[in-house]
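The chain below stands alone, shown as structure tokens; this is the form predicted on its own.
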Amino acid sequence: MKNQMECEERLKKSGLKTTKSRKAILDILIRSNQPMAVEQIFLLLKENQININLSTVYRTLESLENKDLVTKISLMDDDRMLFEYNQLGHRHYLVCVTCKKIITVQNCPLGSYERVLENETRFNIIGHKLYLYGYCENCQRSNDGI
């Protein structure tokens, strides 16, 4: 219930209409512990008996991204775009280059480094993204330590 209330509130503040499909897509992304591909979102909508076209999911995600309600992520060597609920903060990720598993890094390791860079370069840093690529534990085991 909290997710639904949060979805409606964020949609209203953004100026977008509160539609069933927008609320459902935001709810899926809020519940997800990692970014999701459009196709994954579409399949979950279908499982939840939400009748929606794939093209509508794409358009809805685009409008939600334009209003900063969701964040679009593009990963190295992956043509898919991934989306996540914008929690008004930022996240960092470990990405397996073999199986494409994504693990969220819980703490931001760059806060103090940003301040050092700002002092050294006189550059006003307003944000950052960090994706670390490698091999997850399962892929390491299955490929003899890579």
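Heads up: residue numbers just count along the shown sequence, starting at 1. Just so we're on the same page, rigid core means the largest C-alpha set that superposes within 1.5 Å between forms. Since the structure is predicted, the reported quantities are computational estimates derived from the model, not experimental observations.
What comes next is about the form predicted in complex with another copy of the chain, which does not appear here.
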Would residue 13 sit within 4.5 Å of another copy of the chain in the predicted complex, counting heavy atoms only? no
Although the partner isn't part of this model, could you tell me whether residue 4 comes within 4.5 Å of another copy of the chain in the predicted complex, counting any heavy atom of the residue? no
For residue 107, is any heavy atom within 4.5 Å of another copy of the chain in the predicted complex, or not? yes
At the 4.5 Å heavy atom threshold, is residue 96 in contact with another copy of the chain in the predicted complex? yes
Output the sequence-ordered list of residues from 117 to 136 with at least one heavy atom within 4.5 Å of another copy of the chain in the predicted complex. 117, 121, 122, 123, 124, 125, 126, 127, 128, 129, 130, 131, 132, 133, 134, 135, 136
Taking the rigid core as the reference frame, is the Cα of residue 133 displaced by 2 Å or more between the shown form and the other one? no
Would residue 27 count as moving between the shown form and the other one, using a Cα shift of 2 angstroms or more after superposing the core as the test? no
C-alpha of residue 110 off by 2 Å or more between the shown form and the other one on rigid core: yes
